[in-house]
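Presented below, as structure tokens, is a lone chain in the form predicted alone.
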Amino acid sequence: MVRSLSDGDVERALSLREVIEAVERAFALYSTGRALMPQRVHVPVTEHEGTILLMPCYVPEMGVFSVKYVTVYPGNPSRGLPTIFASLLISDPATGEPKVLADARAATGMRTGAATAVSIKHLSRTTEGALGVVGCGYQARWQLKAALEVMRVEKLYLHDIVRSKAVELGEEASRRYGLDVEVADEVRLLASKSDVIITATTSSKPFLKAEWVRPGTHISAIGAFTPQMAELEAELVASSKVVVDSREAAKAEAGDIIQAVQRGLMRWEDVHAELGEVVAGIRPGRESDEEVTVFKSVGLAVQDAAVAALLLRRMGGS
């Protein structure tokens, strides 16, 4: 019998700290060839400006096979709907029996926030300082919560093209976490004052410029997931130490890097590492206090599998 879980069930079943630990391990397993993860399937729904994604993954050492179905419709908020809908089907790989069907909005938020936390842990210059978040929707809340697991935020800067969203998140962060918050009306102001910058938008045009970013800054760019999308200008990407979640996925989907390569500002060989290689000690992370590091994530099915393995064990399915 398949156990059905709501987003609320998922949040109650898992702590963000254990998700971060599981995702960190999953990155290492992926980058050392111990996870089977086909390239995800993109189905563009052009007439409705949406995208449907299918993301399968098998991780033998975690004892899990999972498939996530996710839709991304940037115009949904104007309809009173979430940008993202997602479901996660979890099976026992020993028998192929489906065990859990979970709403995956929270799971996606948690594992995406966890990826940023892992990047901060391994690539940031400091574990305390100012954090800037661009894009203040649902995902930003998980990004902030996860970042707080690995760094002490002395000041939080927020920016959103809809200012009221930044104000709302700022009030929530101040109330829930006791943070000193400032809403920045310009990305330039946020960038010039932040030690760590997280971009979590559905922007199709780059908005973060190299000249605004201070030496030693770490950037986690998690919003753009198609060749046509980009949050970071090409010059910023090309002048930074770039770490990706997956080279293969980045070549197909990471618009920030693809556009820098197409303009001749960098080569794919200039991508420093996969995050899993850094976690596993195969490649170094940050090597100086002055370098700007960029973690470019398009989101991997192995992250979902990490959450799925936790849920499977928690539900007594394996």
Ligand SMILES: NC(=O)c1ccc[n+]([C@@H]2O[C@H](COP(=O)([O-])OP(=O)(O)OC[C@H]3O[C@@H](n4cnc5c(N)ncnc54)[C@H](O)[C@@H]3O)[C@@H](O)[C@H]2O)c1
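All residue numbers are counted from 1 along the displayed sequence. Treat the numbers as computed from the prediction; the structure is a model and nothing was measured.
Separately, the form predicted in complex with this ligand exists; it is not shown, and the next lines address it.
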| request: Check whether residue 122 has any heavy atom within 4.5 Å of a heavy atom of this ligand in the model of the complex, and answer yes or no. | output: no
| message | Would you classify residue 223 as touching this ligand in the model of the complex, given a 4.5 Å non-hydrogen atom cut-off? | response | yes
| said: With a cut-off of 4.5 Å between heavy atoms, is residue 241 one of the residues that contacts this ligand in the model of the complex? | reply: no
| Contact of residue 195 with this ligand in the model of the complex (heavy atom, 4.5 Å) | no
| said: Given a 4.5 Å cut-off on heavy atoms, tell me which of 95-103, 145-153, 224-232, 174-182 is the interface stretch with this ligand in the model of the complex. | reply: 224-232
| For the spot marked by 112, 134 and 298, is every residue within 4.5 Å of this ligand in the model of the complex through some heavy atom? | yes
| query | Which residue, 246, 201, 217, 91, has a heavy atom that falls within 4.5 Å of this ligand in the model of the complex? | reply | 201
| remark: None of 213, 72, 158, 130 but one has a heavy atom within 4.5 Å of this ligand in the model of the complex; the exception is 72
| task | Just give me the residues of 73-112, first to last, that have a heavy atom within 4.5 Å of this ligand in the model of the complex. | result | 77, 83, 84, 108, 111, 112
